[in-house]
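Below you'll find only one chain, the form predicted on its own, shown as C-alpha cells.
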C-alpha cells in the first residue's frame, strides 16, 4: 500500500461523549490507530481509558488511550475547536446541514488550518440534542433504514476510514507470489511437453482425435493461469513420483 499524498500529523479529534464501556473505548482507540487518527477526547466516561479492559480491547493502540484527554462536559471538550460534526442516525428535528462521512472528511482536508472535532454519542442512546445542537453539521452514515444501529467503535471506524482512504492508493488487485517468480512461456511449454510424453508412454492416447483434445485442454489449463516456478517444480515432483506405466515397454 502506498500513500498518494502526505497525511497530516493530526487529523480530526475523535470525541466520545459519555462512553459507557471501557471495552468500547479501547476498540475505538484501535479503530483510530488503524486509520491514522491519534487525538481522542472523552466526555465524562463511565470507565477509565487506562483500565485493563480498555487496554486489552485496544489491541496495542495504547498510545491513543494514554494520550486521551478527559473533560467534564461536551462544551469544554470542543472549546478550542473551529468546527464540530455530530454523528447521529436520528436527525432529531435539527436545522443543520447533513453530510456523508466522505463529504465531511474531504471538507476537513480542504481546511487544514482549522481544528475539527467529531462527536460520537453513548452506546445506548447516541448523542443528546444538547450535544447535537453544538455541532456545525451532522454526519450521517447511510445504512439499511430497517436497522442502522452501530457499535461505537464501528461508527468511529466508518468515519475514520473515509478520512484515511483519501491518503492512500491501494491496488485494486494483487497476486502474492512470495519469493518465487512467474514461470515464463518456455518453462510452461517444457512442462507441458513432459506431461504429454508421460501420457504418451502410459498408452492413454489410443485414438488420435482424443489425444489432440486432451492436449489442448491441458495447455489451456496451464496457460490460462499465472503459474509460478515454485508451482511448476512441485508439479514436476508429483508427476515424477507417480507410478505411470510405460506402455511402449509393456508391448
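Positions refer to the first chain, counted from 1. A quick note: this is a predicted structure, and the numbers were derived from the prediction, not measured.
One more form of this protein exists, namely the form predicted together with a further copy of the same chain; it is left out here, but the text below deals with it.
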>> Does a further copy of the same chain, in the model of the complex, lie within 4.5 angstroms of each residue among 198, 222 and 238, using heavy atoms as the measure?
In response: no
>> Counting any non-hydrogen atom inside 4.5 Å, which residue from 89, 158, 134, 81 sits next to a further copy of the same chain in the model of the complex?
In response: 158
> Closest heavy atom of residue 141 to a further copy of the same chain in the model of the complex, within 4.5 Å or not?
Replying inline: yes
> Counting only non-hydrogen atoms and a 4.5 angstroms cut-off, does residue 34 reach a further copy of the same chain in the model of the complex?
Replying inline: yes
> Is residue 71 close to a further copy of the same chain in the model of the complex, meaning a heavy atom pair under 4.5 Å apart or at it?
Replying inline: no
> Does the 4.5 Å heavy atom contact test between residue 61 and a further copy of the same chain in the model of the complex come out positive?
Replying inline: yes
>> For the interface check, one of 212-220, 35-43, 199-207, 186-194 should have non-hydrogen atoms within 4.5 Å of a further copy of the same chain in the model of the complex; which one?
In response: 35-43
> So which bits of 160-175 sit within 4.5 Å of a further copy of the same chain in the model of the complex, heavy atoms only?
Replying inline: 161, 162, 164, 165, 168, 170, 171, 172, 173, 174, 175
